[in-house]
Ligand code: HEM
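This document starts with one chain, in the form predicted alone, laid out as structure tokens.
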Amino acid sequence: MPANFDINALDRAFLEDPFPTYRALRENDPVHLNADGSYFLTRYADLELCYKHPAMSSDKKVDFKPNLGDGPLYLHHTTSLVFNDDPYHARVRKLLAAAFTPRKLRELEPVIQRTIDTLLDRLEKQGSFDLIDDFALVLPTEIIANMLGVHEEKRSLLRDYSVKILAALDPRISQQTLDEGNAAVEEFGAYLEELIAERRQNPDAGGQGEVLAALIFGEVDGERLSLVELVQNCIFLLNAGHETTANLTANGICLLMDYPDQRQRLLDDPGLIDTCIDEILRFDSPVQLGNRKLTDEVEVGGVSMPRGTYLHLAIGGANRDPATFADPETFDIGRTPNRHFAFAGGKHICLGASLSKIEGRIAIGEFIRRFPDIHENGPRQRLLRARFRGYEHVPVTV
């Protein structure tokens, strides 16, 4: 199987469950050469090198052009924080960090708790509901909407924007996916320009936890974000903190349904919630694939690669590497240490990692405490994407 694997020709079986493929590649062909000349890496040590090596570039201005063309999606993904190198990356990261200071996180925690309590009260009355639409997606939507000052009537659109924009990051996309993603960037971007203009006029009008004013007026070495940078990085904040946090919550609750012994362990000892969140992130990471491009010749996993080589980083494969994790196929909510790569690593480590963990800790911990006997009342539906792993629907009864 490893010899026939091609990142550009993934089948439904892989999208449903990539872990057997990761394992086969890791054991037999850990530095796998794809038909297009790129490499697919599945070992922890190789990803660690990629996250730290100075010749590993995140800039995608060349590599995104064939899939995305010159439209709004291309502008967005090549302007946002994650797909750029220093000095742009360092400058924008410092400016966006205003959204994730300890003070801002302290402001957001009671907002998160109130949102969760209200949601759980509603779900308890319903008895049966969809774990995705009725719970996992609601929390990050509210939090990101609060952070950006999104009006109430627009909040229901955020998931659709995020899904369509992120879908364009898979290795191969259809024309429909491209068209929908471009339209989402254009529509959401136009709305954000209106919000930014509002906040410029009324800097103190934001609610609890809002960070839009800090992003607009924040400075690093006398520089502020331009309007284009502001808009595209606000879209990035939605994408980075919405879909992935929803997937963390849903993936975690589904794992605790699949492993009732671990669910009971958490019920008996709620203090395990922090290690539980890290184990969910390791075992079924919301982000499965990353990428880098070489700016110089580098040896990776014993293979010498020339400048310009494109690397696919299998986060889901590295997170189950037995060279780093004891019994990696075992879901153990008390696992420690747990140096997973769910938030990537090095200078590009996820800016919102602390916020994501806070949301996951409260959402999953409170949900399982309130609904210890949760069970499914219909088949789960996966979101069939390679880069981002989550569910479309999970019908449950509590």
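Please read all numbers here as calculations on a predicted model, not as lab measurements. Numbering starts at 1 and runs along the sequence shown.
Not pictured, yet referred to below: the form predicted in complex with the named molecule.
Using a 4.5 Å heavy atom cutoff, 82, 344 and 355 all lie near the named molecule in the model of the complex. Across the options 216 to 224, 283 to 291, 299 to 307, 112 to 120, residues that bring heavy atoms within 4.5 Å of the named molecule in the model of the complex belong to 283 to 291.
The named molecule in the model of the complex comes within 4.5 Å of no heavy atom belonging to residue 195. In the model of the complex, the named molecule sits beyond 4.5 Å of every heavy atom of residue 362. Contact annotation for residue 335: none of its heavy atoms lies within 4.5 Å of the named molecule in the model of the complex.
None of the heavy atoms of residue 91 is located within 4.5 Å of the named molecule in the model of the complex. This chain is drawn without the named molecule; in the model of the complex, the residue among 56, 49, 368, 351 with a heavy atom within 4.5 Å of it is 351. None of 212, 256, 248, 132 but one reaches within 4.5 angstroms of the named molecule in the model of the complex through a heavy atom, and that residue is 248. Residues 240, 241, 244, 245, 248 are the ones in 239 to 269 with at least one heavy atom within 4.5 Å of the named molecule in the model of the complex, listed in sequence order.
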